[in-house]
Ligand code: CP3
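Next up is one chain by itself, shown in structure tokens, the form predicted alone.
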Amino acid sequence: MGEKQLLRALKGETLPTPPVWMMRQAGRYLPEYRATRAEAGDFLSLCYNSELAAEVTLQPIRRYGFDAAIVFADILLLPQALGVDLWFETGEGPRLSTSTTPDDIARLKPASDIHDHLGPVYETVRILARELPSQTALIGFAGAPWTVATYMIAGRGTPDQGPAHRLIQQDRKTFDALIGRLTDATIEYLSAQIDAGAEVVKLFDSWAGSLKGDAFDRYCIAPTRRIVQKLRARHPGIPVIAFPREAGEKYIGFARATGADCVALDNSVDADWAARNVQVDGCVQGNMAPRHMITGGPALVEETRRIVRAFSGGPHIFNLGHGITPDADPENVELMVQTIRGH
């Protein structure tokens, strides 16, 4: 068995068929996931049950034969490990106790103290490292500091990340302290996932697009660069995928600025544009619009082929431009995979 396809792409190899996986590939669009989640009882219980979390991670691999599995967890487990209260409101999403003052930041646990709480995630990684097919790469992940901070400041997801932007304006010192604490904790968290068996790590900066001008450099690029540098020092050769969602023109040069091996692209940017401007620096990942997983049909086939063609001149990992949605049709995922591999 040769080297895994995903790892070859991350090393900069242009492959005749791009490796493929999907963000949120283990999730509510699959009936087998819904059954396992019901067994777990609730979302957080599923995240912290290593056997069941490994099971839902494996489900889409069994069904589709993706080239990578991403450990089933949530970006908000890290702030919970730092001492923040976390719960999920049915139909509304996550809620957290807020972190907006110097005292709030001071109460957060040190980065080195997160591992007992996150032990079940590391055990999930260890199970997957044993049980995944030999050709399937294992991806660990974390939320990027800016994105996680937006939830910690607002206590929930917000449409424009307004509370975080206001804290920058009103008390930059406190905001910077929070970003620093999150950056340190993210390094520890990802490093422990690598120690447990993750072969790649991905940093999700889902709200990067709301950072403008110097703020993007300060709160998206700089923490990503520091995380990449520290992980490389501890784990030479470990590949890092960065996803600064909706970065737009800021995608240009992002790999050079951060040291990331691959830049994941959302579907608001055109694949041909990204091939000319982003892929010139190395591997890119993306960027099918998730709606095609709902609508399917000839448009899905045509768009899949268009993206494969656009990125065929360099290293490429096929993925969606954001996570697959619960209303997606599993048969459309199968059609996408077949189209990629038969292209």
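When you see a residue number, it is the position in the sequence shown, counting from 1. For clarity, every value in this text was computed on a predicted model and none was experimentally measured.
Here the subject shifts to the form predicted in complex with the named molecule, a form of this protein not shown in this document.
Judged against the named molecule in the predicted bound form with a 4.5 angstroms heavy atom cut-off, the residues Arg172, Thr183 and Tyr219 are out of contact without exception. Only one of Val71, Val228, Ala271, Ile241 lies close to the named molecule in the predicted bound form, with a heavy atom inside 4.5 Å, and it is Val71. In short, of 293-301, 273-281, 307-315, 29-37 it is 29-37 that has heavy atoms within 4.5 Å of the named molecule in the predicted bound form. The named molecule in the predicted bound form is not approached by Tyr251, whose heavy atoms all lie more than 4.5 angstroms from it. Proximity of Thr258 to the named molecule in the predicted bound form: non-hydrogen atoms within 4.5 Å are absent; the residue sits far from the partner. Within 4.5 Å of some heavy atom of the named molecule in the predicted bound form lies at least one heavy atom of Phe88. Residue contact check for Tyr48: none of its heavy atoms lie within 4.5 Å of the named molecule in the predicted bound form. Contact residues in stretch 74-100 (any heavy atom within 4.5 Å of the named molecule, taken in the predicted bound form) are Asp74, Ile75, Leu76, Phe88, Gly93, Pro94.
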